[in-house]
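In the form predicted on its own, a lone chain appears below as structure tokens.
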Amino acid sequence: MPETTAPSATFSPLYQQIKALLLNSLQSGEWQPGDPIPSEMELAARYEVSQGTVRKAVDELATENLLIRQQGKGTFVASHHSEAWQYRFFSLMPDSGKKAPLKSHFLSCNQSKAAAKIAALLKLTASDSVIQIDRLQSVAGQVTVFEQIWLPQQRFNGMTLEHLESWPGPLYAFYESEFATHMVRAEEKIKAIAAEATIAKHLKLEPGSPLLLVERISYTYGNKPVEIRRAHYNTQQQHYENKLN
């Protein structure tokens, strides 16, 4: 008789199992962005494991920027409201080295059927709707960024231009507070292009001026894509900064 090979069991270290349980609590909203999570001692008792096992799981989540350790205060769920996180997903820096606050000007916020490419990237069906946002961002009074943003309508139902214009802080903090959607990571493609006439007009440049095109997919918990962004950067006085570890 031919020999048969039994399927091998997949082994997951105990700290990885605890990490998965912690992620489930984050995804379910048990702990909201900005909230403290229970202490390592409390989590160890909850999951009936050692504090060392919990610490290793928490360390990985902190390395992935899902949790933030604060010396003497505890461990908190990462939030885009915190000053340290507000510009974590924004990599354009002034050549002068002096950071200046960004000012947003929203041009439109409309709902429509998702184009095939956008639907595929957001893992939507052909019948699903998206919300498209167009906005400008200025640095020190100079229009620097023109963005087109697409969001799944079902998750961001009720978003309006007036709602966006009344929000005083970063857009990702808006998603977090108003739509319970926390961005945890993003993937970007960067390409040098020449400005088309419409884009050039928005950025107050001559057509054909050099721009940096950054195409981004942003994900929330559970590796779910929830935002597509096409950003056109005028880098005449800025540069794109990326820190690699």
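From 1 onward, residues are counted along the sequence shown. What you are looking at is a predicted structure, and each value in this text was computed from that prediction instead of being measured.
FYI, the form predicted in complex with the DNA isn't displayed, but the following is about it.
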property: Sole residue of S209, Q27, S50, S177 within 4.5 Å of the DNA in the model of the complex, by heavy atom; result: S50
property: Heavy atom within 4.5 Å of the DNA in the model of the complex - the one residue of K117, H105, K73, K98 that qualifies; result: K73
property: Stretch from 34-42, 177-185, 199-207, 216-224 whose residues place a heavy atom within 4.5 Å of the DNA in the model of the complex; result: 34-42
property: Contact of K56 with the DNA in the model of the complex (heavy atom, 4.5 Å); result: yes
property: Exercise: K191 in contact with the DNA in the model of the complex, heavy atom 4.5 Å; result: no
property: Residue contact check: Y15 to the DNA in the model of the complex, 4.5 Å heavy atom; result: yes
property: Any residue of 106-131 that, in the model of the complex, places a heavy atom within 4.5 Å of the DNA; result: none
